[in-house]
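In structure tokens, one chain follows: the form predicted alone.
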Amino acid sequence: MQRHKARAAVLSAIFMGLGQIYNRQFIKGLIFIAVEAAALFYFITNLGRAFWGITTLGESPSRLEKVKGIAKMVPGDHSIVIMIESLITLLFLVLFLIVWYMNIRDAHKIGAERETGRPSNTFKQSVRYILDYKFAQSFLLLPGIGILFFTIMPIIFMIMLAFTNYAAPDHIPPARLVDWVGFETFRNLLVLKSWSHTFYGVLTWTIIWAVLSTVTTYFGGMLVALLINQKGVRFKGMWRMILIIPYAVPQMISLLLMRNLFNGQFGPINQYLGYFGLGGLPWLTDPFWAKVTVIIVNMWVGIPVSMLLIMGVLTTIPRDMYEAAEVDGATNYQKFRIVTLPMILFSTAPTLIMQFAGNINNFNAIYLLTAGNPVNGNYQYAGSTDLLVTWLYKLTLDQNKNNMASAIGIILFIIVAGFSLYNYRRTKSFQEEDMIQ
């Protein structure tokens, strides 16, 4: 009588569903048996090849052979296809092990209830229990599986690529196989002069760009919001509407339009400068001016966003705080420094961190405006305005340096995730989240 839970757990460990049948939950047990039978059928066919594939990445490349005097292509192993197939099989194995563990735990739990004299739930009662108490968890399984295969799996695949030599011209399957190389790609990127010079140069510009673009758009938006919010300003609605237009226009259209406006040969801006007797500037063709241009254009499309955000925050600041400051004789500047600025920073600090992280990966602003140009002869496949994310894109799609691009992606992820987590935890918004109710 006291061994139900142990017996049920052991039976379910031997074969899924046996423990449930032992607990007299026959339909549930048959479902588990069907799941394990399907899993066994799949894994007997694929699991061995998955372990072989993930270990070797293939052993025989495609090659030409003469058959009766005619050269024919003999298909071989495709390392990347093998890697993806192996990864999918191993993820299914992980899912199966989780279901297997849940099956044992369920059998043990029901067996324990039987030992206390409680009868086992029928299948109908189990379904009713799930609908009443586990509805949310059950329906979250579907998006959870989707995230596993469409988000987590590509990330794992990218990480794995960084530890291979998958790059043109010597290791592009199916003609050439790909091999595991450990940390060699990272070593080349960080130490080998031909790559490290480009990496540190692009990384430096990426950080400068992220800082300047975040600061200019955030404080520019704050300035505009404060100006519109002043008591003496008339037609505030009109000003809001005018200043929001750059945000209302799709960013892609704004950036492509700006690229034409700043064109050094036929762009209107240089023509206007010429009307005033000023010489034109190489906005997009000189490394320095190209960087200045992308920051200015980013301000154009980014300030309205910060303005809207901060205008919303300004409406939430209690008026009695300003009245108390006025009673104490505070000037307008002191009211801004003591009341307005802390309240704005408190409410928008998480957004500010997100903007910084987003600007590190701001692919559109750079690629649509300059495509990373002008060309820098000292860089490997990167231009003077390339960020790490646009350089990564070029390495992948233009140059087939997939392992190097993956290594850059991992470093980029570490930088963004580390910065965001560290600063989120230090903001007052998180430390004193109950300050504003």
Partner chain sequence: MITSRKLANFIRLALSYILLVILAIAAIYPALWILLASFRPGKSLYSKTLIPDHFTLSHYKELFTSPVYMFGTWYANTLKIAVFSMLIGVVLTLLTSYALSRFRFKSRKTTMSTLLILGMFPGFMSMIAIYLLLKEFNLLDTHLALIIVYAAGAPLGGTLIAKGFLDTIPRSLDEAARIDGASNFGIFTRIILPLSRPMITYMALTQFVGPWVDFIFAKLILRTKENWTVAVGMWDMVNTMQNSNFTLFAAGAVLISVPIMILFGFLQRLLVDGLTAGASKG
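Residue numbers count along the first chain shown, from 1. This structure is a prediction, so every number in the text was calculated from the model and none was measured.
The form predicted in complex with its partner chain exists for this protein as well; it is not shown, and the discussion that follows is about that form.
Looking at 174-182, 335-343, 202-210, 81-89, the stretch with residues near its partner chain in the predicted complex, meaning non-hydrogen atoms within 4.5 angstroms, turns out to be 81-89. Contact annotation: of the candidates Pro246, Gly274, Pro287, Gly76, the single residue with a non-hydrogen atom within 4.5 angstroms of its partner chain in the predicted complex is Pro246.
Between its partner chain and the residues Arg234, Lys124, Arg118, Lys72, the one pair within 4.5 Å by heavy atoms in the predicted complex involves Arg234. Its partner chain in the predicted complex is approached by Gly146, whose closest heavy atom lies within 4.5 angstroms of it. Proximity of Ala417 to its partner chain in the predicted complex falls within the 4.5 Å heavy atom cutoff. The closest non-hydrogen atom of Ala50 lies beyond 4.5 Å of its partner chain in the predicted complex.
Its partner chain is not drawn, but in the predicted complex it has no heavy atom within 4.5 Å of Leu57. In sequence order, Pro143, Gly146, Ile147, Phe149, Phe150, Thr151, Ile152, Met153, Pro154, Ile155, Phe157, Met158 are the residues of 143-162 having a heavy atom within 4.5 Å of its partner chain in the predicted complex; the partner itself is omitted from this view.
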